[in-house]
Structure formats: C-alpha cells, structure tokens
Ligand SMILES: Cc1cc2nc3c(=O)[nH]c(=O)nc-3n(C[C@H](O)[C@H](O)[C@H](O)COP(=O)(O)OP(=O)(O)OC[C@H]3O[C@@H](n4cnc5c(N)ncnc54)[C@H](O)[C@@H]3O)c2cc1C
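Next comes just one chain, in structure tokens: the form predicted on its own.
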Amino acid sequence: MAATPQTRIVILGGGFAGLRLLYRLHNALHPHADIVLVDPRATTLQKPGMPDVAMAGKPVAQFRHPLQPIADRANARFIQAAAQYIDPHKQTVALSNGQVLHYDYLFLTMGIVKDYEAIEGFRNFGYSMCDDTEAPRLQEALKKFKGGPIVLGTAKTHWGHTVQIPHLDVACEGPMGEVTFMLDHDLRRLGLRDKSSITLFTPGQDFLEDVGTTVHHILHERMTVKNITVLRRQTIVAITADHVVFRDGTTLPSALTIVIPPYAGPSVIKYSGLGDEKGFVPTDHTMRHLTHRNIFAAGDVNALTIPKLGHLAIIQADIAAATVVKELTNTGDVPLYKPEVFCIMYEGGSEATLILSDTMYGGQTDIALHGVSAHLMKWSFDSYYFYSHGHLPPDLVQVGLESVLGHVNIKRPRL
C-alpha cells in the first residue's frame, strides 16, 4: 500500500512519544500524509526538568515549549483540544472543541493521569515535583523550610493484566531519587542538614526495584554515606500536617512530605473501551493495539511501558513509526522492542548518577556511573532540548551514552 495524500494520521499527545512520532512520520511520509497533532496544552512540558524547578528554583517556563511552531516545522496541523471519545469502528476522534477528526492511523501518546487525590490529605499537606503546577509549589515550600523530618517516596500503582509485563509496584522512582539527593545537597549548603532527617519510602522490595544488584549496591552506599534512611514495602495512604500514614497503620513524623502519586489511565481511553482494566492501552511489541490494527500507543499510556520513562517512550515511538512506514511504503526495518531502564539522577553541585539496566527484562546490563561525566551528559540533554525549542534529539541519547560509557571503559553488552 503506497502512502497517499489521503493517509490521515492523528497523534493524541505532544510529549516525548508524540513528538518523536511526529518527527519520524514527517521525515518518512511527507508530503504523502496529513498529520494532525492534538494536545489540550499549548506547550509540551520537559518533565525531566521538573526536579530542577522544584529544588533549584529554575523558571518553569524554561521547560515549556510551544507546540504550534513544532508542528509547523513538521508540516503538521496542531489542534489545542482534549480528546473526549475515540470510535475505533468509525475511525474518529471527538474533541473538546466540537471537532471530529477522521483517521487512517491513530497514535495514542497522551500520557497518564497522576492521581494525587488517591492520597488522603495530599492537597492540603503534600508536595510533589511531577508537573509544572506541583514543582513550583514545592519550591515555595522549600524556601520556607527551616528543618525537621522529611519523608518522601513513591505511591503504589496498580497495573492491568492484559499484557505480560515485569512486576513493579511503582510507576517510576528515578525522579524521587534525584530529588532525595538534591535535597540532601541543598540542606547541607544551607546549614540545615543537621536539623533535618531524610526518610525515603518505597512500596517495593527495594528502592529502584527495576534495576539489578550492581546499581542497588552503589545507590545504597551513597544513601548510607548521606545518612538517608530507606523504608521498604511501605505504601502511603494519607498525609497530615505533621506525619504520614502507611497502609500497615504505621506513621512517621513529617514536616515536609514529597510524593510521586499513583498513575492511572486517561479517561478517554477508559470511555472509548481501548484500555485494560486500569486504563492503559494493551499493545503487541510493535506498539499496535491488540484489537484495532490501525491504533498504536507509545509512552506512559502503553501498558507495556514499565517503568514509565521518557527513554522507553522514545524507543516505542520509533517502533510504532517504523511499523506504519513499513506498512505504507514497504521500506525500512522495524526495530525489535528491547526495553531498558535509562536515567540520569542529578544530585546537586556537579554530581550525578547515570543508570543503565535491563536486568528486569532478562538482560545482563546493570551499570551505575557516578560523577561529573554523568552530570555533563544530563546537562547537555537538557540544554539541547531547551535551545532547540522542543526538538527531541534523534539519537543523542544513544550517542551520548556510548560516548560516556566508552570514556570510562565500560562496554555495553550487545543483545
């Protein structure tokens, strides 16, 4: 089947996965496809920068990038609206502005819902760094903080059972690790560390349960040196003015509570009958919906995405784009899905820890690299994203990663 001007492509969501798809599909199919990007926001949000907003006080505007010029550069239409209902049989999407879009291919990349309301008392007493509303709010609380017990951690998220995924009790703990280390650094700088305790909780068997023993050993050493207490198998249920409550009935005093809330599937996926029992989209390893062959999902909304990482969103977007391009033009190859955990946790000052692990998926790679090189790598990614006004670097993650690992003589296993 050849691509024609009538090939209508709709992308719902302008985050990591959505923009990656936009670039890949534009480059492969222009001018033979009509691409529409839909998002309720006018800007895409560089979510990995939210800890910098919360902890370092960086302006949130630095991490927002207008979607209209991004769509213009890809010769796509941008519509600022929310998707309200998807009819997979009529191949239509009803939008909040009254428009109805017809599609030949639909890409679901709208991310997930952070369910703050699932934690009793969060709105009155809790804080988070997860978005551009909560991160500035946490920064204001930190400005007023004069010392005391700090409790922080990630809430338990429940997953569906339609697709086979590794067991994981949380959506993503990397940002919480980053905030924990940055908090320790800043409290020492301000002379408040001796007046403050830091307790990090996780509902899993260990913090960062999605990595292997090598990474765990290095992280535990660093947390021990910094006098950070880790509580395992603790699920938060409530926050009060001066303590937190866990599911087993235990409590901890807390003058400042910081959490990553549970994740839930978007309402449009639930209403449209496209999700599993928790609202995440079940797909095969080409990111194609298990029932509707012209619907694809990539990023956090995909049920396969465990944990919820931008790195996995980009991998999935590349696979989904390649699958459709192959189907339309009979050109190119479709990559195999080889998930891996990749993140860089900034720790304050000039230090960071780079983590690369695929042990949760049956692989052998399990690397934690601490030092200035990891910090420079994170800085370069953030700078590239900012100065290119939201263009995701096509292969900068992989090239930079190989460069750093090669510089320290660590070789990645080739699978």
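Just so we're clear, the structure is a prediction, and the values are computed from it rather than from any experiment. Note that residue numbering follows the sequence shown and begins at 1.
Separately, the form predicted together with the ligand exists; it is not shown, and the next lines address it.
Proximity to the ligand in the model of the complex, taken as heavy atoms within 4.5 Å, picks out 80-88 from the listed stretches 80-88, 221-229, 272-280, 248-256.
Interface residue remark: Lys114 is counted as part of the site for the ligand in the model of the complex, having a heavy atom within 4.5 Å.
By the criterion of a heavy atom within 4.5 Å, Val170 is excluded from the residues contacting the ligand in the model of the complex.
Under a 4.5 angstroms non-hydrogen atom cutoff, the ligand in the model of the complex lacks Val324 among its neighbouring residues. Within 4.5 Å of any heavy atom of the ligand in the model of the complex lies no heavy atom of Gly204.
Proximity to the ligand in the model of the complex, defined as a heavy atom within 4.5 Å, holds among Leu183, Ala320, Met129, Val244 only for Met129. With the partner omitted here, the residue from Pro40, Gly371, Pro66, Gly349 that has a non-hydrogen atom within 4.5 angstroms of the ligand in the model of the complex is Pro40. Interface residues of 262-286, taken as those with a heavy atom within 4.5 Å of the ligand in the model of the complex (partner not displayed): Tyr263, Val268, in sequence order.
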